[in-house]
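Taking the form predicted alone, here's one chain by itself in structure tokens.
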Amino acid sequence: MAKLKWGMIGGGEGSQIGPAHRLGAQADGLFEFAAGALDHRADLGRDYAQRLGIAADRAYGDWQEMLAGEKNRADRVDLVTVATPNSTHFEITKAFLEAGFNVLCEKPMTMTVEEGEEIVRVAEASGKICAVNYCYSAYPMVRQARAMVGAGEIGKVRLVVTNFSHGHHGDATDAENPRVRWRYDPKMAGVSGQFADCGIHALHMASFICRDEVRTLSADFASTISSRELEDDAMLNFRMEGGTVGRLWTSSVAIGRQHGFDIQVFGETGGLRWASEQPNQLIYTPVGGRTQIIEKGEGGLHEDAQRLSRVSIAHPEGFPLAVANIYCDLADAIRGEVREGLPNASDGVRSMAAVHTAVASAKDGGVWMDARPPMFR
């Protein structure tokens, strides 16, 4: 089977997320890295793209040049990844969808709910895929947890508790470091800091595993370092459409916590726990029974967990291969086999609606508010 052609915008040399995409897209031999506009500094972007093996005529100076160069090629890219600063996601994603390209956009998909709803409509009108990189949902044992919930193995879900809390921005003496400061500057990050950065991963994970959507929420935000305009700590209570109770904590000042992303799902007949720092294990406790450790690669797993595991039991598969699983699902979808669970534009706009609702709730003393985008009410 011929490789699909892949292009990337952003994610240049020194980028935090760029290497994960390049490793992920090419890990299974499904995509050829054929085109890129990798840096806002045109010359550096072209040079880096060519050092990565991209032909000179497809090493572009910016995304507009890439769009113009690719759209009329007989061998144009099958998928474009958008890994640029948050405020540019909407414009680039919309332009490539309208030109008939499939798109994988980094989160957040947009800066506003209105932009998110427009992306949903453009994707539907174009007939193209618009996926959003909620890559934690593609770990094999997260897929196992989702499948177990769907199969009724823990009964009706009563409660979900999730958090994404680390301490890497907890040093006040480092608060003016440009790589840290922008995340709490509304001119660059938008209306929310930590919740929009990490919290929406946790909220998406709750919806993903529970197979349900957030309906209402109440939020409390705090900026624990005084120079920050946006929150570096947030707590949410939420309710899902099916009645599940949700709790979420996200923080960047929890010194001592490293990655700090985990989730617990409690049903009528059992409970599940998964943590990103031990991603190959899913902890399962049936009501009245012993706690069990389900391992990636063992026999008897649900199909999705088996399909997305590459190496045998006890061999770790980390973050880049979770990203690779998103690309596996995208390759299947581009070829016509849509995989259930691939995060899409609807997930992206739901996240942005939750961000704006949480900001409003926090400003109003934690009042409960409808967290759904208008198009899904």
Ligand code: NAI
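One rule holds for the numbers: they count along the sequence shown, beginning at 1. Since this is a predicted model, take the numbers as computed values, not measurements.
Keep in mind that the form predicted in complex with this ligand is missing from the display, and what follows is about it.
- For L23, no non-hydrogen atom is located within 4.5 Å of this ligand in the predicted complex, even though that partner is not displayed.
- Among residues of the shown chain, D329 is not one whose heavy atoms approach this ligand to within 4.5 Å in the predicted complex.
- Among residues of the shown chain, K296 is not one whose heavy atoms approach this ligand to within 4.5 Å in the predicted complex.
- P178 falls outside the set of residues with a heavy atom inside 4.5 Å of this ligand in the predicted complex.
- Residues with any non-hydrogen atom within 4.5 angstroms of this ligand in the predicted complex fall in just one of 299-307, 71-79, 107-115, 141-149: 107-115.
- Heavy atoms of every residue among G10, T84 and H89 are located within 4.5 Å of this ligand in the predicted complex.
- Only one of the listed residues (Y136, F221, Y184, F208) places a non-hydrogen atom within 4.5 angstroms of this ligand in the predicted complex, and that residue is Y136.
- Scanning H201, R228, H166, K94 against this ligand in the predicted complex with a 4.5 Å heavy atom cut-off leaves one residue, H201.
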